[in-house]
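In the block that follows, a single chain appears as structure tokens, in the form predicted alone.
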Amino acid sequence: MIESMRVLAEEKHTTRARILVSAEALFAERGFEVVSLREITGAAGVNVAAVNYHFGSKEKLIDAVVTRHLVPVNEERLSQLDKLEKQFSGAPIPVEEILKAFLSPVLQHIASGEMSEDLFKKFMGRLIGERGYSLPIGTRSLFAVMAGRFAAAFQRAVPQLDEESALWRMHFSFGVMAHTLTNGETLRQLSDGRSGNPSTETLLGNIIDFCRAGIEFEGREL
């Protein structure tokens, strides 16, 4: 993650970076399909030819925007899992600790300041809900490594889990966090504020408690 953040910092004022920053903000606010290349280049202060030069097409620009955020998150997940495996010296890692390593890097990325928290939540909502997005090709090998290692860690922690069930329960867990981050305001509105306004850190603790019960559940397998 450190290397990824260094590259982002170095690119901050380049034409390519201005296009990425403008594109991700517009995609988050208005949606992937609605936003035009002219709107993106206008916001970035460059011409349309610059998008073709740096990315090739709008779809490849979308891939680059998504990759810009997914890669640091998954690198940090693996880094945290490395530290846990070293700490526990081959013994099963508690489910709560694995979940922290799996979920907290998303919040750490929000806190890094690449996008404001509100904008990142909108971006995540667009990515999950609007496109049913398939992962950019360049990120798939990293995702496969991450998913395999975390599934194996959950299996060691919960011996009754087979790999298929571990993968689905990871998927459910991420879904809980993504839905909570992107739709928390909806719950506050529907409950007339009775749901409160907990901090992101408090929400993460509650999400981990909830998901731990799901990971450890000994009922039917998938």
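Every value quoted in this text rests on a predicted model; they were computed, and no experiment measured them. From 1 onward, residues are counted along the sequence shown. In this text, rigid core is short for the largest set of C-alphas that superpose within 1.5 Å between two forms.
One more form of this protein exists, namely the form predicted together with the DNA; it is left out here, but the text below deals with it.
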Selected contact from Ser195, Asn183, Asn47, Thr67, since only one has a non-hydrogen atom within 4.5 angstroms of the DNA in the predicted complex: Asn47
Proximity to the DNA in the predicted complex, single hit among Val35, Ala28, Ala166, Val158 (heavy atom within 4.5 Å): Val35
Which of 167-175, 150-158, 51-59, 186-194 sits within 4.5 Å of the DNA in the predicted complex, heavy atom basis: 51-59
Contact test in the predicted complex: Asn206 vs the DNA, heavy atoms, 4.5 Å: no
4.5 Å heavy atom contact, Thr200 to the DNA in the predicted complex: no
Core-aligned CA displacement of Ile40 at least 2 Å between this form and the one not shown: yes
Threshold 2 Å Cα movement between this form and the one not shown at Phe154, rigid core reference: no
Exceeds or equals 2 Å, Cα of Leu70 between this form and the one not shown, core fit: no
